[in-house]
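In the block that follows, a single chain appears as structure tokens, in the form predicted on its own.
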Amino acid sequence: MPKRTLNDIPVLPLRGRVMFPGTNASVDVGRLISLNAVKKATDGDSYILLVAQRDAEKEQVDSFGELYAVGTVCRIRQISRLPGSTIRLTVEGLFRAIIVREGIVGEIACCDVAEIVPDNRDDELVEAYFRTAKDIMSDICQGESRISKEAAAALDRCSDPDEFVNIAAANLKIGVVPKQELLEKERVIDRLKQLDKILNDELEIMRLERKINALVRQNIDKNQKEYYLREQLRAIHTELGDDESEKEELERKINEKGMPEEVREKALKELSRMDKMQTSSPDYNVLRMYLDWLLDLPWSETTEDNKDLDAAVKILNEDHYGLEKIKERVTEYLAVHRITGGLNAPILCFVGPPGVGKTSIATSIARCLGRKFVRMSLGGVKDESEIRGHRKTYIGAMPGRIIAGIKNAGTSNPVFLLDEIDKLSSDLRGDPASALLEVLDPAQNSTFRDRYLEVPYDLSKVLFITTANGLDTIPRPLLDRMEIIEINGYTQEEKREIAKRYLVSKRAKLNGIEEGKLVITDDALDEIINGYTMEAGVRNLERSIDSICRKAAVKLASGKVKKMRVTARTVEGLLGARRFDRDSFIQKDEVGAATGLAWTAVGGTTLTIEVSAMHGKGEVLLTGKLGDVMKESARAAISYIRSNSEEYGIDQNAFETTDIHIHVPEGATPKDGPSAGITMATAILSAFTGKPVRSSVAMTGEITLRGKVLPIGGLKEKALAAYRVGVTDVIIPADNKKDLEEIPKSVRERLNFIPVTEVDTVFKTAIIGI
């Protein structure tokens, strides 16, 4: 048969494999040079040369020198699209070919090839080698599972020595170099000799693998023998009356633990599985740890609640001053529990600024109830598994922190504090807030399932208490499951009492000062509160008292004084210059400046709104890092005054020729919310009329385009802020009159609250001469 030649045939470089004639194969194509070769082949007669690269690691082919000289001419049978730009070819090998003329390698490689025709001389010798190769290949196929049944059948049917070499080489797990050598040899006898050598090597390797497998099997049998011997030894100990086995000990503990029936059955089932394993098995240790967790959890252990209402209230009063709402709620819980004898614990959420005692009141509640106390901080928790745990199949798996806290408490009805629940966050590892839905739902938490335990645990007896600085970041479904109790900031009198009753003696003791050696007068405490702290809670107050105690300790330790008395005059010498001057907040009557009241996460504060009207083109400038809602309130205030300009004696054309600049000082602090609406309107009207705003007036309320004053939130905190800075008159929305009862009586007596429904009343009250 004459040699076949092909001109300008596209070349497809192969990495790490060799294609043989008479075989079908799938090839994934993704490189540009290969994709272009496939396109040229499909545009023509579908012939393509598949040739191996000399360096399989190289991504780009720059010349024919990087390819072997002999490849296989194939016909493309099928093309399939894969994700991305990759395609999968199904090709049929036709004949071996040598490159006789190289083309230029660029975005595509093409060349001229000539067929390698096999030489069939030495027929008798060829037949001898052929029979030997078939016998060895038969032995390999019987013991080599990596050669498919279809390939083995094809080799058995094959009667052509050259075709046999191609099929055998394509299916053997050998390297690229020996395969390429088989592809390049022209004479059939040479190909058969090379194949016989490869087959003998493969047969020897297969025998070594069998020997190694036999040794491994022998070791496994040895381990099983040791397991049976240990079992026999355990039986001998039982017959001799020795100590009970590990299985019997665990089984006895499980039966005596008082677990629910479902949990007991699960524990016994896992114990039975563990007993069938070798102690050296990793799964043995996993199951042993799992059983230890089930046995350590308090399934039926509880502490008896203290039902003495008077004693409970006494403990709460000893630990905390004020906080009447919380004390009242705990008293209600105890009263119902005493009457009914049993009650699902409520989910309480204490909301308030930092330092007001949210965390410490939870400790006092546990003490007055006679329960164990567990605290879990949720700040920065992002992983849902912190709540629900991991499945025990994972390496190092543990239950979630809820179950771990119950175990540490040793009882199934502790007081469990979930601190800073508003600081939860989420990421790719899940949403812990969603995982808490089941924990904090009284209708569901009786069957809480931790992923590690895989059995329900009753959390309904646990008194969950959560704390938060604000409610904005808590998801609504989670918030709906909790009973909200607000803890607002303290008045000056409350702070003074807290310092006298708790803080001074606590800090003095921690600094080693004996009782009676340090006296801080009421005037000194007032000076510290007014001049060195500006907060809703008492955290900075405690730090200031601690600083005084340290300085007192130095003087007492040096022997300079035997007893130290701190008065309002000596505070500055101990703490330095005053940090806050409340008189600085009270300005004289000024044009274009009004005092508003705002709520923040750390309590109420005063807010000065400044407005400047200047010649311009009617533009509005808003500065002070204002939020979108606050900007909208400013524009609503401008629109109201502009639409009623004649009533207030303002020229209608003034707004078209005047630029309005509204600024809220402390520009680095973000500010937002609608409650500054009437304050902005007052400052704007003052700036346009030239009439000053009374400095003794502070205000809060949302304004509408019709001049209505809408209600706001956080009135108590805002009132306390006005009280701190010395304001005498506070304008509030009429709908907030019901909230005045929450404000301490001492504050209500010193502040004149002016409820309003129309912004016109605000102007007449706050602006002189309107």
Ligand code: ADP
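All of these numbers come straight from a predicted model, not from anything done at the bench. In case it trips you up, residue 1 is the first one in the sequence shown, and so on.
Omitted here: the form predicted together with ligand ADP. The next part is about that form.
Enquirer: Tell me, please, which stretch of 175-183, 315-323, 588-596, 524-532 lies within 4.5 angstroms of ligand ADP in the predicted complex when heavy atoms are compared?
Expert: That would be 315-323.
Enquirer: Is Tyr502 close enough to touch ligand ADP in the predicted complex, meaning at least one heavy atom pair within 4.5 Å?
Expert: So Tyr502 counts as contacting ligand ADP.
Enquirer: Does ligand ADP come within 4.5 Å of any heavy atom of Thr303 in the predicted complex?
Expert: It does not: once ligand ADP is placed as it appears in the predicted complex, Thr303 has no heavy atom within 4.5 Å of it.
Enquirer: Taking the shortest heavy atom distance, is Glu542 within 4.5 Å of ligand ADP in the predicted complex?
Expert: Yes.
Enquirer: Do Thr359 and ligand ADP share at least one heavy atom pair within 4.5 Å in the predicted complex?
Expert: Contact with ligand ADP, yes.
Enquirer: Gly604, Ile743 and Phe753: each with a heavy atom within 4.5 Å of ligand ADP in the predicted complex?
Expert: No: none of Gly604, Ile743 and Phe753 comes within 4.5 Å of ligand ADP in the predicted complex.
Enquirer: Here the chain is shown alone; which of Pro414, Pro432, Gly400, Pro353 has a heavy atom within 4.5 Å of ligand ADP in the predicted complex?
Expert: By the 4.5 Å criterion, the partner-contacting residue is Pro353.
Enquirer: Sort through Phe164, Phe688, Tyr452, Tyr490 and report the residue having a heavy atom within 4.5 Å of ligand ADP in the predicted complex.
Expert: Spelling it out, the residue with a heavy atom inside the cut-off is Tyr490.
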